[in-house]
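The data below hold one chain only, encoded as structure tokens and taken in the form predicted alone.
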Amino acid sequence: MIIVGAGLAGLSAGYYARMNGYRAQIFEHHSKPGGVAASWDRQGYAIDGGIHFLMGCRSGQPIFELYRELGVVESEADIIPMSTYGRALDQRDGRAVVATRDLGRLVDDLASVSPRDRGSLEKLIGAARALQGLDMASAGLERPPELMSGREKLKQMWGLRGAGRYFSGQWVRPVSEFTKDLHDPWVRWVIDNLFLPEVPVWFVAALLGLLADGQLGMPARGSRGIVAGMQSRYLERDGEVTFGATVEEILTDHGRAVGVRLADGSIHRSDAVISAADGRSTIFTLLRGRFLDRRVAERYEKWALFRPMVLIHLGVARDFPDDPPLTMVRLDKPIDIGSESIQGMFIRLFNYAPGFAPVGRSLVQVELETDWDHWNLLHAEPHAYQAEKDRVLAEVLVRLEAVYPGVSSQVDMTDVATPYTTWRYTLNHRGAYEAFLPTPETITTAVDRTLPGLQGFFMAGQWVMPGGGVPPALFSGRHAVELLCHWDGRPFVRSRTE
């Protein structure tokens, strides 16, 4: 088989292809694996632009065993438990709150600001406590939806029986609707930005439940270590991968995928094709839009995408020993980029494990949600593009001074990656780093891994797992091979011990 893309989903598909006896060849556009789980070196710093945390971090759980199977981790020691999710800071008045595993403290701290909101906050935390211990794999990740029998669906529902009420009714509305009932704008901003305001309320409750349950952790080896582990596991099984090989067309013959044509004109034949690449370009460019129905077309026309990011990375001669790994900042003065006025920024400190920075220094990442069109137009004018990057960097440094006084004078490395950077290396549509936004509609929609009228073809990655994230990407690669085995009438092997 041929696999398009060596991101997490593509490497997962390659591994399970080899485990099930298929020859596997991955073609990757970039010069190295990882996709959006990106990392790169700058002046002694290992910049991590991809994975921020992992869920399902306890040995014995299906997600953790998947991590171990694929080389994401070797043991629990490769994941650093998160006792603190992050801090929210309002630069307008200095208010701050820290979200830790003690969910009651979060309620008390926010209610001390706005006593009238205690009831709503306790309702949210009550849902989080009810969802503690939730096995995310049993919530629909382990099996491709096309192969789930009625009995399996009933078993899945039974596994969620204690939490079922939180996946319907008021809990499926967007967080932004839940927070409309909150009285204090600051409290509203905090809850909206625990993840994304568009996700369903149950999603944020589940995230807080995982935090309280000790099921969130940071990868000690970072994105680089995760990708390296997965690539090694694939190559150990004699998988093949070619970098700098951009697929320009998926070849079909009488309704069956039969290979690919690369940008250099070379043709590579196969019995099956898995695309773990950008979903839109796969369907509308590589396959020329020939295999879709109304549902598929409307999905790509109407579903919102994750907003792209500007990532500013700073090497700082400072340790930040007492600061949490994430700080969400409500800015006192917005940062204007193009036509957008950005009201908040996310600061991540990569000082939780060695390897990100030289001794005595830290890697600091600042995330700003931004607009694709602005950067896409600017890149055509290199001087204007660089000038805008420099301006945004200067604006961010001013804002950082209010959070970490003196930090500007301690910076010895800067790096700015724009949405165009994301597209350049991943070809993700409009620089979206996790495909479809996990709205209440998208996150509950079972997206087929196949396309109508096309045999021997399967999709993997964020575009068939709305909501994205590491476990869905990994499972989607496994799903694609499981579907191929089903199509070939052969048993699917999912574990090295089988």
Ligand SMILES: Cc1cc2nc3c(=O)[nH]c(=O)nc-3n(C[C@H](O)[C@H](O)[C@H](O)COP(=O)(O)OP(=O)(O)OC[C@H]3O[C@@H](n4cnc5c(N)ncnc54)[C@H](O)[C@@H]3O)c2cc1C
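Keep in mind that this is a model prediction, so the values were computed, not measured. We number the residues from 1 along the sequence you see.
Missing here is the form predicted in complex with the named molecule; even so, the following discussion is about that form.
Per the 4.5 Å heavy atom criterion, the named molecule in the predicted bound form is contacted by stretch 271 to 279, the sole one of 352 to 360, 271 to 279, 292 to 300, 410 to 418. In terms of contact with the named molecule in the predicted bound form, the residue from 310, 205, 211, 247 that brings a heavy atom within 4.5 Å is 247. 49 is the sole member of 56, 466, 456, 49 with a non-hydrogen atom lying within 4.5 angstroms of the named molecule in the predicted bound form. Contact annotation for the candidate site: 133, 166 and 440 all lie away from the named molecule in the predicted bound form (no heavy atom within 4.5 Å). By the criterion of a heavy atom within 4.5 Å, residue 425 is counted among the residues contacting the named molecule in the predicted bound form.
When contacts are judged by a 4.5 Å heavy atom cut-off, residue 70 does not count as touching the named molecule in the predicted bound form. In the predicted bound form, the named molecule sits within 4.5 Å of a heavy atom belonging to residue 470. The named molecule in the predicted bound form comes within 4.5 Å of a heavy atom belonging to residue 4. In the predicted bound form, the named molecule lies within 4.5 angstroms of at least one heavy atom of each of the following residues of 2 to 35: 4, 5, 6, 7, 8, 9, 10, 27, 28, 29, 30, 34, 35, in sequence order.
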